[in-house]
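Consider the single chain below, provided in structure tokens and representing the form predicted alone.
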Amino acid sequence: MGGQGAAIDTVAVIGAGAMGRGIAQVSIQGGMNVLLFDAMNGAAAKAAEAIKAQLDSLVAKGRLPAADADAAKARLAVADSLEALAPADLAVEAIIENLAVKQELFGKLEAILRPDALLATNTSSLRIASIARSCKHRERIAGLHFFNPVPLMKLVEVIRAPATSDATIAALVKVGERMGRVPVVVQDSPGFLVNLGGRAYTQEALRIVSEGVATPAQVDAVMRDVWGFRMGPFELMDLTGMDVNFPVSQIIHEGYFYDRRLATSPLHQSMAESGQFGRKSGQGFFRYGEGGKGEVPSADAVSESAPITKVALAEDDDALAELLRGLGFEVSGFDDGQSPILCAPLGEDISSYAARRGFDHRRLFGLDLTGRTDQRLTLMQAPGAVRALRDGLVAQFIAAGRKVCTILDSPGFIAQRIAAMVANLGCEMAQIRVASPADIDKGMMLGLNYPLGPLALTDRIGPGAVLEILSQLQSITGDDRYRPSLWLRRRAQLGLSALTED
């Protein structure tokens, strides 16, 4: 006997597409019986054979004992009608993303299943409350959002709608663990956790390129080398496809009543509407040849100039002075009127810095010290910068073994801007109770392969530093998209970790 307070022994999976097949596979591997149903004649039987073939492949690769595979196969059955799902303790829906179709299905399932059986939807974009609206026992309905490919992606979002009972959530968390997944409990909100949290990384990158600050290749290289992201934002968008990530961005922006912090850019829309979807179309931000191999332009600055080794510091900065000396520079606190002047602003652009402190903007250059500097440096210049000085600096950086990205003026460089926006969105998600701080970080690391969760990233930079970057961005641009979360502001003011709960 299953249900809200007991073990789940039999799972009905409705929809035999890629997601349904994956859910069925992890269910039988987790020791549960599965009834697989699809409205299309023959689709469930075909999917069952594909699942068994996948298990055989795992055995052949030495990843699954043959006896375990045989036992899992024996737990998989094909249902020829919805009525045949009556014995299920839990039904998981993985059909088309259409609200009316899902509502109709849930109404039928409620009539077929026992009163204590649970109903879950794998929707990625629709409100759980909307799907459950016409049901009589909404306390047993929740979201169980898996990620594709299900057998490889360890995360599952257990989504609580307003009427969902604690017992239902607890039972689904246990089900997720039996499936070998890592469950995180999420409130029923636009984009849930991962799809919401992933907006900042790509959308701030789009802004940077739209402003002419840097190229997509440069942004990707900086985020990989400086912050350790496995993929840069533009290669990530090309992988998922603009036909997918642009509409999702719009849905989430609308769902949060057009909060500027969640707005994407006209460039994103242009790519989607022109059919430059990414890998699947052969052209996105990068071109893709046979086998999906990307043709990515170099992000690395080159210089044929003689290295410049004598520089002045704009202000006392021990970290900057130590970095420069380690790269072979002669560092002085005196401006001789000819040498490059270097600074390491936090959230400020070179133009604002030069105007505020009275420096010659043509000789003033910025280096970003946030994140790692052992592989790649980002050198920023103001309008009218002396190119010969910039090229001389680049030559010395290269001679000292560093890759360099040279970019135009931007408050927060590249890495500061994107990292601060990722951190701020994570803080805002904690503030509005999308999930607990720990689950937000866990979800983003497992769901999107982030090197750090957004709240841990906030702590790595320092809540006060993140607040400063965002405040400068908001002041300089006049754009409310950089409005700091109250969660961040309070923890910065009190000297607390971003992971500190209320």
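The first residue of the shown sequence is 1; numbering continues from there. Please read these numbers as outputs of a predicted model, since none were measured by experiment.
Not pictured, yet referred to below: the form predicted in complex with a small molecule.
- In the model of the complex, D38 approaches the small molecule with a heavy atom inside 4.5 Å.
- The small molecule is not shown here, but in the model of the complex it comes within 4.5 Å of a heavy atom of E97.
- In the model of the complex, the small molecule lies within 4.5 Å of some heavy atom of G15.
- Although the partner is absent from this view, R138 stays clear of the small molecule in the model of the complex, with no non-hydrogen atom inside 4.5 angstroms.
- Within 4.5 Å of the small molecule in the model of the complex, a heavy atom is found for every one of G20, S124 and H145.
- Proximity to the small molecule in the model of the complex, defined as a heavy atom within 4.5 Å, singles out one entry of A170, V101, I432, M231, which is V101.
- Partner contacts here mean any heavy atom within 4.5 Å of the small molecule in the model of the complex, and among 386 to 394, 101 to 109, 287 to 295, 414 to 422 they occur only in 101 to 109.
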